[in-house]
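Below you'll find only one chain, the form predicted on its own, shown as structure tokens.
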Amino acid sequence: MAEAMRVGIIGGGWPGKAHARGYQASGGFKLMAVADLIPSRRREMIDEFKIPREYATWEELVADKELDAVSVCLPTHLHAAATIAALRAGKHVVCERPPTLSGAEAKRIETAATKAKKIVLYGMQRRFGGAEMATKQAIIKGYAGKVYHARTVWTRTRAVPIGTGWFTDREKAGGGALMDLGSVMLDLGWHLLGEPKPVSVYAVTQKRLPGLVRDGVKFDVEEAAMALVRFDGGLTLEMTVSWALNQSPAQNGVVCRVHGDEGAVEVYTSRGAVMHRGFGQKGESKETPLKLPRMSGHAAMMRHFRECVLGKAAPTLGAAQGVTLMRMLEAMYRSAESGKSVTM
């Protein structure tokens, strides 16, 4: 496919706009259509990105036979239906995160992708951040030795997403902070560890703080979660996420640390990702900032998507990996409900 890939974007909110900018920045794509129930959001996309076609529903866009691929940027409960329909219509798909509501839905997407012989790439953007990509390359090159533990954190003191109200509705979102932020940080740690096979999960979810949303907004999900995952070979990942947590506002933000038998990487610092090696008896180390890639973010993600479609790469988080990720999240919720570790 030497010519530009013709793309339609389902959902005109900020994720859809981010995907559109990524397609434009990466090159090799032509934005052809946008679908959104809200006319003003379609108009914003059309005006900003010069998109020639608009549809009210995702079903109409998926039926457009001239499109090669679509971006699914909808609330989570619509991901499976829209993605499977697009695959059956012969289109490649970039689907926003979290992948689905459940492992069963993710498995149905995998089955549809295999049958259609089309690419599914889940939009875990942190895999394509500059610091994160630099860290992954350093690990691949063996600079940290054999990595065996990761710690990921994304905590907000007070920042519950409301939007149109679906984020805090379990039926539409699948969960709260664990599904939203946790899917991202679980995926990042798993990715940096080399995607080992999960063995067991222990997790706790919390819903303790009152007054986080206005009256009338459904809020039947957790505001915070903590988890420990054990992988094959003794590898481990610990994770903490929150939409709301009583903590110093200075603790707002993300942490990712990866530990190996020869070194460690602090992914998020004021200097970018920093490698620590040559540890002394008192814990002192040599610090080396890692070189950032020339392209990162959504542009890098869409470039990777095009390479996958062209057969030059395999999706970094494709349909099969999406099943494993969702099953880990499901296991976390089962653990939190039972109070016990869950074997996978």
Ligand SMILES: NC(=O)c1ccc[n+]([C@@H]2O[C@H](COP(=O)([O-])OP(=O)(O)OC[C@H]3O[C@@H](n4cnc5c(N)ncnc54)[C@H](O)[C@@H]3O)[C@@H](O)[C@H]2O)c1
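Fair warning: this is a prediction, and the values are worked out from it, not measured in the lab. All residue numbers refer to positions in the sequence shown, first residue = 1.
Not pictured, yet referred to below: the form predicted together with this ligand.
Colleague: Could you confirm whether G272 comes within 4.5 Å of this ligand in the model of the complex, counting heavy atoms only?
Modeller: Contact check for G272: no, nothing within 4.5 Å of this ligand in the model of the complex.
Colleague: Can you tell me whether W58 touches this ligand? I mean in the model of the complex, with a 4.5 angstroms heavy atom cut-off.
Modeller: Heavy-atom contact with this ligand at 4.5 Å: present for W58.
Colleague: Should A35 be classed as touching this ligand in the model of the complex when contacts are defined as heavy atoms within 4.5 Å?
Modeller: Yes - in the model of the complex, heavy atoms of A35 and this ligand come within 4.5 Å of each other.
Colleague: Answer for R97 alone: is it within 4.5 Å of this ligand in the model of the complex, judged on heavy atom distances?
Modeller: Yes, R97 is a contact residue.
Colleague: Report the stretch among 105-113, 250-258, 74-82, 225-233 that approaches this ligand in the model of the complex to within 4.5 Å, counting heavy atoms only.
Modeller: That would be stretch 74-82.
Colleague: Could you spot which one of G90, G194, G163, G142 gets a heavy atom to within 4.5 Å of this ligand in the model of the complex?
Modeller: The residue from G90, G194, G163, G142 that makes the contact is G163.
Colleague: Heavy atom within 4.5 Å of this ligand in the model of the complex: which of G175, G263, G123, G129 fits that? Just give me the one.
Modeller: Of G175, G263, G123, G129, the residue with a heavy atom within 4.5 Å of this ligand in the model of the complex is G123.
Colleague: Which residues from 11-32 come close to this ligand in the model of the complex, meaning a heavy atom within 4.5 Å?
Modeller: The stretch touches the partner through G11, G12, G13, W14, P15.
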